[in-house]
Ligand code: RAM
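Only one chain is included here, represented as structure tokens and corresponding to the form predicted on its own.
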């Protein structure tokens, strides 16, 4: 155990290469998602002599996953001494709240805006305004449409993420019974894409005895996710499993199922933080789950932001840059835009959860 933690602290990249799937890093301190966090290293300057400003706007406050992303982003900029880091998080996960923050960033004449979008299309006018003002724009984790950004940092292959969760729940319930999905917001591009792939996986005849009864939305809020889980259980008394592709939903659903004594009656899987889900993996509510490393998502986003700022990349297919300890990354075409891929989801289960719960 000590050896593993030491290796993690020294080189997350080594662990990623040694794993059959990607993910996981050394345990960081939780950052405060507030504006004005400044790198300690001597910052690089823009052409007019001012320090470069890198803004990250996450989905909302109180979201542990977002906090880890912000920490990774900040660490990358500070590691390179590239400029000032400004971390922002709206009180609610809405496009309107993010639009206001983007307008503020434009007024501040920042160098780069990176964001996890709360809506794929609603942010387009203000992000175009930012780019027209000479600001580099990228999305990470939850994308905005391709007209709204120069490149997207993707945590893992969307098809693999969607399909593996259906495969997991099927194995857990023996391929028979009703299942439901507890998602984040109905506008979240990443969630919706994963759910599309879940539905495509369910088209396979081997799932003929499984029924997806509902996709519910907890809006990445703990209280609403809790009430949505309770509503699912009431509306579908024969429910056998819940897939929650959001860390907030996973933790909320795990608590509800535990408190109601539904271990071995309703199973849970999806995308969760090991630190939050260890209890539910140990007690059997969640036999296993998946996630990538949110710290590394933010870290990769930070290096992509710096590469855009200094012109190393433009967001075009084939562009390459070095992302610190993650090594060389190449921009690829995905859908109607371009993206940078972090890696595949990692499986967390009873055999390894004790090892990882203290990591992130």
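Residue numbers count along the first chain shown, from 1. Because the structure is predicted, anything quoted here is derived from the model rather than measured.
Same protein, other form: the form predicted together with this ligand, not shown, and the subject of what follows.
Looking at residue 246, you'd find a heavy atom of it within 4.5 angstroms of this ligand in the predicted bound form. In the predicted bound form, this ligand lies within 4.5 Å of some heavy atom of residue 63. Taking non-hydrogen atoms only, residue 115 never approaches this ligand to within 4.5 angstroms in the predicted bound form. Contact annotation: residue 191 falls within 4.5 Å of this ligand in the predicted bound form, judged by heavy atom distances.
This chain lacks the partner; the member of 225, 139, 155, 98 within 4.5 angstroms of this ligand in the predicted bound form by a non-hydrogen atom is 155.
For the residues 295, 291, 307, 331, the 4.5 Å heavy atom test against this ligand in the predicted bound form is passed only by 291. Only one listed stretch (331-339, 313-321, 55-63, 299-307) carries heavy atoms within 4.5 Å of this ligand in the predicted bound form, and that stretch is 55-63.
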